[in-house]
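Presented below, as structure tokens, is a lone chain in the form predicted on its own.
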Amino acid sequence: MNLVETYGNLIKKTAPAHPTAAFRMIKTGLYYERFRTKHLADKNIPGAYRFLNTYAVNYVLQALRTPDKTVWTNIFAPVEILQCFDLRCLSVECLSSFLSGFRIEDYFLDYAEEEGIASTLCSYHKNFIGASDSGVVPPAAFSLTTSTICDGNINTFRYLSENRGVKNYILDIPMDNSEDAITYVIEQLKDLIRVLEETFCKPFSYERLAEVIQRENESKAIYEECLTLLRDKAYPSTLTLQMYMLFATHLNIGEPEILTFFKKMHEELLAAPDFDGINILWVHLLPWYQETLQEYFNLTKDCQIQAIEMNLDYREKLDPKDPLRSLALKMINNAYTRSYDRKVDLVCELADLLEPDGVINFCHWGCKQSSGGVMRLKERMQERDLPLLILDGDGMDRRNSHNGQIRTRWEAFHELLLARKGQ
């Protein structure tokens, strides 16, 4: 039993009778993890990823320390507006992944199910509900979500709002991009700003929003340059670091630190050696804890993940002079809005840009869109003669992932990719 598992068991033992003490233990664990990532990180990890790792851990730690300045969100929320109020965004997926990092997700999942939450609900949402309802994680000051992609998302946020007394705002994103639809979302954003001003007693600044959007544009432009370099450059990472990219592309996009991160990544990629191993384009979530995938992808010289399509679900430039319209377009024209074919189109575009050796689609337990549309993705990959591996499992609940099955399927796929490369 390793140190993390031992510490996690202690948290689980403490939580039933002393949830506040368990919460302090989680914050203490994050404090030491921040120290580790800053001072004791593996030097084989590129500097940009080490920077992002420390930033992400510290961000979550501060969000938990200051719930009065924290907003529960999904990853598609207009975080640019929240930044203008100096609020921290803590997404359902983010916190659930961190709790899984402590190996305590089973306690919160079981807690949620025992109080009547359906076993079929996405484990990220169920874990978050259990952490909140158990009293371990205190309520945030506000919650904000969108109707994008996830069937259970709105119900989860409504439930948490009613059960924990958190004021909740839901952005309804239309299934078309007409002018009426754009106007409809813009009016919602204006109303959201009004509610945030009233809730946090702070005036909103359009000038500040324009600055955030300008940094977002710069960050995205640099990332696009990085993608071109990732076509044939060696840039080692881990499954966990790949998931941390959601901080850079979604939860904190537009922050000065994120622009710094992308500049560091670009600088390192320019100097990186060539890569002649297996390049993978990943689709959907990553089971960061999965043993076989860690063995093949964590800081190895043979296989690397070039990108996850979720990090590139909207690649267009935003207009700082018309920020609310830009944010409305960003949500309406997200690759996850409307037909699944729009997501498949994005994967094809990225395949053209990155020229990967293969594509892996991970069908996360409870996520109906990832499982329901994967055959359409398979058809399009076959048309392009691009090998696709479909893996089933759970992004954060270890009990729903079977290493033997994943190892068998991945290693067969790996052999196929090696044969196609003549290795």
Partner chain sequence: MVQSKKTPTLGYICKYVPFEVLKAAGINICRIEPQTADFCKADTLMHANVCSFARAVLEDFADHDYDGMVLTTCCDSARRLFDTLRANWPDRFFYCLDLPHKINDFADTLYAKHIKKMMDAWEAYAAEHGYDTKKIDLDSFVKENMSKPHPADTLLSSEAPDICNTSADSSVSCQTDTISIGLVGARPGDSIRDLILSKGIRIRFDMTCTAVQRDFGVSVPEGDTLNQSDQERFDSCLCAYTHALLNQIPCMRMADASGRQRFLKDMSEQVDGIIYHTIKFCDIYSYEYTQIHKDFDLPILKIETDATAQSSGQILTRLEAFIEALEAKKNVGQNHLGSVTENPPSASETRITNKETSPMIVMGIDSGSTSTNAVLLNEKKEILASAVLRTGAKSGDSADRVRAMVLEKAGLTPEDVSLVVSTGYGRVSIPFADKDVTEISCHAKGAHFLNPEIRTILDIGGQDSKAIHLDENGNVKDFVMNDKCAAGTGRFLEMMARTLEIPIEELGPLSLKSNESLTISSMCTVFAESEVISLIAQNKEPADIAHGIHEAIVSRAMSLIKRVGAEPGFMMTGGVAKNEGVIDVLQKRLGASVWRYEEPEIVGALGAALFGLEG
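Numbering follows the first chain given and starts at 1. Being a predicted model, the structure only gives us computed values, none of them experimental.
Another form exists, predicted together with the partner chain; not displayed. Remarks below refer to it.
At a distance of at most 4.5 angstroms from the partner chain in the predicted bound form, none of the three residues Pro46, Pro256 and Phe297 contributes a non-hydrogen atom. The shortest heavy atom separation between Gln405 and the partner chain in the predicted bound form is within 4.5 Å. Residue contact check for Arg338: one or more of its heavy atoms lie within 4.5 Å of the partner chain in the predicted bound form.
Contact annotation for Tyr235: none of its heavy atoms lies within 4.5 Å of the partner chain in the predicted bound form. Taking the partner from elsewhere, Arg376 is found to have a heavy atom lying within 4.5 Å of the partner chain in the predicted bound form. For the residues Arg158, Arg194, Lys317, Lys301, the 4.5 Å heavy atom test against the partner chain in the predicted bound form is passed only by Arg158. Residue Pro174 is the only one of Pro174, Gly277, Gly101, Gly135 with a heavy atom lying within 4.5 Å of the partner chain in the predicted bound form.
Residues placing heavy atoms within 4.5 Å of the partner chain in the predicted bound form fall in a single listed stretch, namely 121-129, out of 201-209, 69-77, 121-129, 277-285. Although the partner chain is not shown here, in the predicted bound form the stretch 141-170 places heavy atoms of Ser147, Ile149, Cys150, Asp151, Gly152, Ile154, Asn155, Thr156, Arg158, Tyr159, Glu162, Asn163, Tyr169, Ile170 within 4.5 Å of it, in sequence order.
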